[in-house]
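Here you get one chain, nothing else, as structure tokens; it is the form predicted on its own.
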Amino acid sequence: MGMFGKEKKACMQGPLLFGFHGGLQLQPNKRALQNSTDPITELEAPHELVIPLLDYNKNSIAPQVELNQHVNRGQLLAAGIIAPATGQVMAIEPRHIIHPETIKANAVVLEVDKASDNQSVHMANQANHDSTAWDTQLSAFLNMPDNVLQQSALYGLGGAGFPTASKLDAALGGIQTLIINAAECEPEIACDEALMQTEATHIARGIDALVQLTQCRHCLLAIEDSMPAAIDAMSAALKSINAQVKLTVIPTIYPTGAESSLIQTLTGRFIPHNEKPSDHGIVCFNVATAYALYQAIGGKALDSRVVSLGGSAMPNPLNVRVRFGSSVEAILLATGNASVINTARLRAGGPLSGFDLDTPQVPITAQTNALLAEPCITETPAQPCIRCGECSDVCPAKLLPQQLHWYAMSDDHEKCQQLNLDACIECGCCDLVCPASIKLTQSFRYAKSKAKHIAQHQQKTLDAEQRFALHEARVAKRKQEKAHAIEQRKQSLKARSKPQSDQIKAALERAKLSAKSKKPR
């Protein structure tokens, strides 16, 4: 992690700002911003797109398309997932995805129809630059927001990928503060900064739509003080909208961009990890999500995002708009960075919060904000923990990383949960300051994943037990109903074979009378 400098966090109290525990002052190294005043180039969709069939919680979802089916750009592939391009479904099969554990997930493999897709790009660009219909489009959106949100498959672009429709549903319950997160505080990541410098007017319109939809009392746009060009662009753009938005410049301290840290910085309120900000009258949206909402209101679904290509080994660092499903390899080839495919260490995400990729044959998703190329170096072997406490000092979640690491490596998941492992935001601050070079964040990811697998197994076991109990109850009920039916049948037969006593007496009387009438006189 020697590609940027680090310092302990200084006092970050300021006018109308509050502090949060821990954090680091990092030296920005955003090489991708060298041409950020130019329009962001949109890469052409590669020949093949791989779209993982996963929801927000990384659970598999069923496809709604079939093999060899032709699909249009924006057509639904599964619940909440749209086709990023026009083409033909060539396969629905497990493929590698961007994940710390190098796992596979079921995915739709789309062969792109270049001619049709290029036409759809042209039409989308025309619609994007037609600003005359904005007021009409915004009015229609505010009247029926669900139509736009569902058709556009809008997801948060800040990293977590939470569905925007679900977050807005919670916000419509009544919120006090709307926060637009433009705090891109991790070195090498510059996608949001470049977007603000090139699409400020459209971002402002997206923010205006959010303010009007949520009816919030306050709206804060948080930008770090290391982004002067973005601050100027957004300050000018906000003057063109009706909504009252306060642009708040905050210190560049990592990880201020994390939702919990940003809320503390702006409001002074600490939101526990197991509670939603909306329950406290606060909701956060990434600045790129605001821009995506502007596009969605204009009729363009979310099928691409801006990705920063950086790292000390990246020969051509820049920001590009990439279609979802494009492989890392295809992106590097299209941007003149093919040389790093087999010679450098490729990472998804930032230098701290990201992780290394085992293969470049993995697809970009809404959560991929950066691709880094770093030299292949021999890692320093981890040493025994010296209990210095540095990791606890910088942890923004106020955790005890050294103890969590011990229990994570011991597979003591109960202890990990007691120490609030779920509150870890995997920012990597503890890794950076650890003098023993212990991979703390990696161990926390492992423990979280293991805990998730255990919980899923327990849930499956519980579901199986419930299904078995319901099956046994149905069998017992059928047996009871069958026995009852048999008993009713028996009683019916007995009733028919044994006439009532008065009927028998009447028959005997008739027989006697008949016998008397036949006797000789």
Partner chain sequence: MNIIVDKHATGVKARSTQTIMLLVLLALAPGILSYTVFISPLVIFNIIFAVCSAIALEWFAVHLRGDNGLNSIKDGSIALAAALLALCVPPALPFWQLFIGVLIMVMLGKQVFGGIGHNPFNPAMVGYAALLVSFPQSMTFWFTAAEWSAMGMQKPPLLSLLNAKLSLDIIASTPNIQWDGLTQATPLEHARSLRLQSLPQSSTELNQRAFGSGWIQTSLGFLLGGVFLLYKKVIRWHIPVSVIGSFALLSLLFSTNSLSLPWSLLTGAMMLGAFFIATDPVSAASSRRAQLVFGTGIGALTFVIREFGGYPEGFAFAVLLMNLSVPLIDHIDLLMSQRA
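Here, rigid core means the biggest group of C-alpha atoms that superpose within 1.5 Å across both forms. Numbering follows the first chain given and starts at 1. Only a predicted model underlies this, so the values are computations on that prediction, with no experimental measurement involved.
Another form exists, predicted together with its partner chain; not displayed. Remarks below refer to it.
The stretch from 363-371, 238-246, 284-292, 382-390 that comes within 4.5 Å of its partner chain in the predicted bound form, counting heavy atoms only, is 382-390. In the predicted bound form, A140 stays away from its partner chain, with no heavy atom inside 4.5 Å.
Its partner chain in the predicted bound form comes within 4.5 Å of a heavy atom belonging to P435.
A residue is said to contact a partner when one of its heavy atoms sits within 4.5 Å of a partner heavy atom; G354 meets this definition for its partner chain in the predicted bound form. At a distance threshold of 4.5 angstroms between non-hydrogen atoms, N342 is out of contact with its partner chain in the predicted bound form. Contact annotation for the candidate site: L26, G428 and T441 all lie close to its partner chain in the predicted bound form (heavy atom within 4.5 Å). The partner is absent here; in the predicted bound form, the one residue of R321, K415, H218, H280 having a heavy atom within 4.5 Å of its partner chain is K415. A single residue from the set P315, P100, G299, G268 has any heavy atom within 4.5 angstroms of its partner chain in the predicted bound form; that residue is P100. The partner is not shown here, but in the predicted bound form the stretch 402-419 reaches within 4.5 angstroms of its partner chain through a heavy atom at Q402, Q403, W406, K415, Q418, L419.
Relative to the superposed core, R445 shifts its CA atom by 2 Å or more between the shown form and the other one. Superposed on the core, the two forms barely differ at Q367: its CA moves less than 2 Å between the shown form and the other one. Comparing the forms between the shown form and the other one, the C-alpha position of Q402 differs by 2 angstroms or more, with the core used for superposition.
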